[in-house]
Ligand SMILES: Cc1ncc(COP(=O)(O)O)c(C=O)c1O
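Next comes just one chain, in C-alpha cells: the form predicted alone.
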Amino acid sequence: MKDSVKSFERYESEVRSYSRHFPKVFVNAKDATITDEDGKEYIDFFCGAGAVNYGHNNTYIKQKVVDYLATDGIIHALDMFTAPKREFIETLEQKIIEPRGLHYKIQFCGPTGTNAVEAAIKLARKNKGRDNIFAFMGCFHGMTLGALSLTSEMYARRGAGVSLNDVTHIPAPYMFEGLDVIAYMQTLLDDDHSGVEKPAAVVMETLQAEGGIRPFSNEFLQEVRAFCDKNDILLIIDDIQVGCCRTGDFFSFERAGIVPDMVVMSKSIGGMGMPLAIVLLKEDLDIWKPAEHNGTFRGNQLSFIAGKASFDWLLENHVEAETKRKGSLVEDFITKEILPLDDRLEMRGLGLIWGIDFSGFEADITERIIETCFENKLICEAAGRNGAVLKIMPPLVIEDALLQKGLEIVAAAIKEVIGK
C-alpha cells in the first residue's frame, strides 16, 4: 500500500468505488485534464459521471463563483428568495426553456439526481392517485429507495435491504427482436389478467447511459409520448446524465420533438460540478403543498451562480453545435480505428457519450482495458450489463487534439488487451 493512500484504505468506508479503479490522489483539474499529486496529468474521458460537461474549473464559470464569494453573498438559504436563485431561474427560463417553446415551472429539491427522481415520482403519484410506475429494463435512476425501485441493476437493488415495490419494469426495445414494446405496455393496461396496475408515470432516459450507452430512437420516444397521452399517464424524462448538451441538444429529448410532463436534472445543471438538482414540471402538475417535499440543501447559492454562468457560457460558445461536431469525430475514429480490430465489437452513442461494447469477449476484458488506459494517463469507465461497455464521455469543452490523443490511448489499450 502506498503511503499516499493509506488514510483512505484505513479510514474510508468499503463502499468507495471509483478510487479502486484510479488509486491516485488528485489535486488539480482544468478543462479536460486531471493532475495527481505526483504531477502526472490524465485525460478525462469520465467527466465526473457527467457533472462537469463544461470542463473542470471552467474559467468563466469559476470566476463568477469567486466573484460572488468575495462579496460575502449568502451561501445557505434553504428555499428562501435570493438574488442568485432569481438570476438562475430567469436565465434558465428565458434563455433555455422558453426559446424551445417549452413551459415548465422549476422545483428545487435536495442537490442530488436521485432526490430529483424521488420528487418527480412522488408528484406523479400525487397527481394521478396511482402507486405504480413503469420503468425500462437497463435503466439507472438513483440509489435512494424510490429511485432505486426504478433502477433495474440487480447489484444496486440488492443493496437496499428491503423490498422495492410499485414499479413494473418494461423490456427495453433493444432487448428482444420483434417485440412491440408499446403494444406490450398497452396489453398490460388492457388485459384484466396482466396482474399489472396502471401506472402514474413512465420514467425513462432517452439514452440509457449506465445501461450500456443505448440511445432510444426518435420514433420510440414519440411512441412512448403518444402511449402516455392515450392512457392518461405522465412522461418523466431523466436527463440527469445525458442532459445539459451531452447528446448535442441541451435537453436530450429535443431530437424527438416530444414534450415530457416532467424533466429531472442534476450533475452539470450545477455548472462546474456544484451540487444542484431540479425538477421541471408542467404548471398544472404543481399541486405540492408547502414543504411537502423539502430538504436543507435545496438552495445552494454557489450552484445557482455557477449554473446561471453555465447557461450564458454554453450559448456564447455554441456548445450544442460543438458537441455534435466532436461527436462525429469520435464516431468516425471508433468506426475506422477500433471496430476493425475485432468483428465482435459494437459501437453506440450520441453527441459526446459513446460506448464500445465487449459483450462477446471474456468477462473482465473491459476492466483490463480501463486499467491499461489509466496506466497510459487516461481516465474512463465501464457501463452496461456485466460492465461490458467501455464508456467514452469527455467534457464537452475538450480540444480536438486532446480528444484525438485520448481516443488513440483507448485504441492502443484495446489492441494491447485483445492481443494478450
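No experiment lies behind these values; they were computed from the predicted model shown. All residue numbers refer to positions in the sequence shown, first residue = 1.
One more form of this protein should be noted, the form predicted together with the ligand, which is absent from this view; the next part is about it.
- In the model of the complex, the ligand sits within 4.5 Å of a heavy atom belonging to residue 141.
- At a distance threshold of 4.5 angstroms between non-hydrogen atoms, residue 263 is out of contact with the ligand in the model of the complex.
- A residue is said to contact a partner when one of its heavy atoms sits within 4.5 Å of a partner heavy atom; residue 271 fails this definition for the ligand in the model of the complex, lying far away.
- At a distance threshold of 4.5 angstroms between non-hydrogen atoms, residue 113 is in contact with the ligand in the model of the complex.
- Residue in contact with the ligand in the model of the complex (any heavy atom within 4.5 Å), chosen from 267, 85, 348, 225: 267.
- When you look in the model of the complex, the only residue of 121, 240, 135, 314 with a non-hydrogen atom within 4.5 Å of the ligand is 240.
- Exactly one of the stretches 123-131, 232-240, 327-335, 301-309 approaches the ligand in the model of the complex with heavy atoms within 4.5 Å, and it is 232-240.
- Heavy atoms closer than or equal to 4.5 Å to the ligand in the model of the complex belong, across 199-236, to the residues 205, 210, ordered by sequence position.
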